[in-house]
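Here's a solo chain for you in structure tokens, the form predicted on its own.
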Amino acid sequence: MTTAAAALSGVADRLADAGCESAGVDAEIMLAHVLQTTRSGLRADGRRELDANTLAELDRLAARRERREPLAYVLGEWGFRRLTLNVDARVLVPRAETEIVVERCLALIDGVAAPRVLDVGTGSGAIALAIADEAPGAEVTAMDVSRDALDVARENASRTGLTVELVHGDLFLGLPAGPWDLVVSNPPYVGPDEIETLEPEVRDWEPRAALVGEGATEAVARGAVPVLRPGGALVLESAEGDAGRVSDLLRTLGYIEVGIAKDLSGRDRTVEGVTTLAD
């Protein structure tokens, strides 16, 4: 029989050879997933013997990860703030840096009774569902041009038991009529000339339409102006090094109280602004 510790060592070596930077951690996460336990539980029971079915399932997951398929896709789910969401190749993997987007949204709608929130380009529904979860009084609408992505968001609404209205629409054709108290978006912001520089997990697996986009940030910023209520807020996730440009864009469009927030890594990540208050 093979012990858990021996199986983990073997899988970690395979993943390291394939170029996975977090090989050991990935191996632990996959085996914990198969055994329906935690990583700490694995470490506490490294001498546990694994049966043939467990080893076969671990091998199947490891083979997928060796091809540099994102771990979230391999597992079929991923955590985002307080939620665990279905994730597959129809949507981007929810990222830890995007959690600051939700924090800024919650801060901006704090104190607003039943705030109306629009999430543009919702993908898996991560941002919209996290807001619905952590601001229970919010009325959240999630929009995406991809019907496949909306299907995933619908699955996640069902999985979490949260209510979010899902809308099919192209942001370049305009945003749904408000008035909205908050518009939020993590728009495609990878340049076409940048895609080949990204790690294989992103470049080869995640949906390109959700990654690469020229003018998406500008379209959301412009489109939000007529649909936000006076004093309503816009929150945008920005590419690394691009927050200054996006801030200037918002000021040009007439937003006030424009600000930048850093993610957990200390990088400028979100840009926000408020529409001009009514006289």
Ligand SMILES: C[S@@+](CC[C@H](N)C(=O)[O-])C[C@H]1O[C@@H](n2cnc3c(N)ncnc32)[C@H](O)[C@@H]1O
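Note that residue numbering follows the sequence shown and begins at 1. Since the model is a prediction, treat every value here as computed from it, not as a measurement.
This next part talks about the form predicted in complex with the ligand, which is not shown.
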Is there a heavy atom of Ser146 lying 4.5 Å or less from a heavy atom of the ligand in the predicted complex? yes
Verify the contact flag for Asn156: yes if a non-hydrogen atom of it lies within 4.5 Å of a non-hydrogen atom of the ligand in the predicted complex, no if not. no
Test of understanding: in the predicted complex, would Asp110 fall inside 4.5 Å of the ligand by heavy atoms? no
Distance check, Gly169 to the ligand in the predicted complex, heavy atom within 4.5 Å: yes
Listed range touching the ligand, judged in the predicted complex by heavy atoms within 4.5 Å, from 89-97, 156-164, 196-204, 69-77: 89-97
Check each of Leu249, Leu61, Ala210, Val34 and return the one that places a heavy atom within 4.5 angstroms of the ligand in the predicted complex. Ala210
Could you list the residues in 59-89 that come within 4.5 Å of the ligand in the predicted complex, counting only heavy atoms and keeping sequence order? none
Do Phe172 and Val164 move together or apart in the predicted complex, judged by C-alpha distance changing 3 Å or more? closer
Work out whether the Cα atoms of Leu175 and Glu237 come closer together or move farther apart in the predicted complex than they are in this form, the change being 3 angstroms or more. farther
